[in-house]
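In the block that follows, a single chain appears as structure tokens, in the form predicted alone.
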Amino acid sequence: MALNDKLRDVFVEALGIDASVDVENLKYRDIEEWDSVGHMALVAAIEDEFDVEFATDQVIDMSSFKVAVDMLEGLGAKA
């Protein structure tokens, strides 16, 4: 499974959204589920799934699926 596919699954599960949502173009606060509480749940789920730890600045800057992919790649995360 590619990193994007695995991350897409994490977004769907952590935010409790339907799998039909276009997650790859999703941005923070685009949907009701991705509010500040949802954001923290999402960050924790990503850290658990990819065995990484984000710095506080990264948590704040994770404003889209694409940014999350870039951060994971920067941390050397594997699918």
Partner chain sequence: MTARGLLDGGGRLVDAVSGEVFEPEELRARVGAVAAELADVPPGVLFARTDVDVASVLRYLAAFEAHRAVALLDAGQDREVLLELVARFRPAAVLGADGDAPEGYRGGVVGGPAWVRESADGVTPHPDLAVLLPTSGSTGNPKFVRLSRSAVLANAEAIADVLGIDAAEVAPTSLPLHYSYGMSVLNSHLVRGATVVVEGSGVMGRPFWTAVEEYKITSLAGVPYHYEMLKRLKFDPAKYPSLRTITQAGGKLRDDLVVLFNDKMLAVGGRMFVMYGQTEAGPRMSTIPAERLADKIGSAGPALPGGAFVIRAEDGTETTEPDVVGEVLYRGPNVMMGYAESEAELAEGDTRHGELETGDLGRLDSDGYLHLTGRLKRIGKVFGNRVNLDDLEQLLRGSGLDLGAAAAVPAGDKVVVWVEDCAADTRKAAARTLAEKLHLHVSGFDVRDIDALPLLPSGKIDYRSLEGRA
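Only a predicted model underlies this, so the values are computations on that prediction, with no experimental measurement involved. Numbering follows the first chain given and starts at 1.
Beyond what is shown, the protein has a form predicted in complex with its partner chain; the following relates to that form.
**Q** Out of 24, 61, 70, 9, which one falls within 4.5 Å of its partner chain in the model of the complex, going by heavy atoms?
**A** It is 61 that has a heavy atom within 4.5 Å of the partner.
**Q** Would you check, heavy atoms only and a 4.5 Å threshold, whether residue 18 touches its partner chain in the model of the complex?
**A** Residue 18 lies outside the contact set for its partner chain.
**Q** Does residue 30 reach its partner chain in the model of the complex, with heavy atoms at most 4.5 Å apart?
**A** Taking the distances in the model of the complex, the answer for residue 30 is no, it never comes within 4.5 Å of its partner chain.
**Q** Can you tell me if residue 50 lies within 4.5 angstroms of its partner chain in the model of the complex, counting non-hydrogen atoms only?
**A** Result no; residue 50 lies far from its partner chain in the model of the complex.
**Q** Can you tell me which residues in 19-46 come within 4.5 angstroms of its partner chain in the model of the complex, by heavy atoms?
**A** If the 4.5 Å heavy-atom criterion is applied to its partner chain in the model of the complex, 19-46 yields 28, 29, 32, 36, 37, 39, 40, 41, 43.
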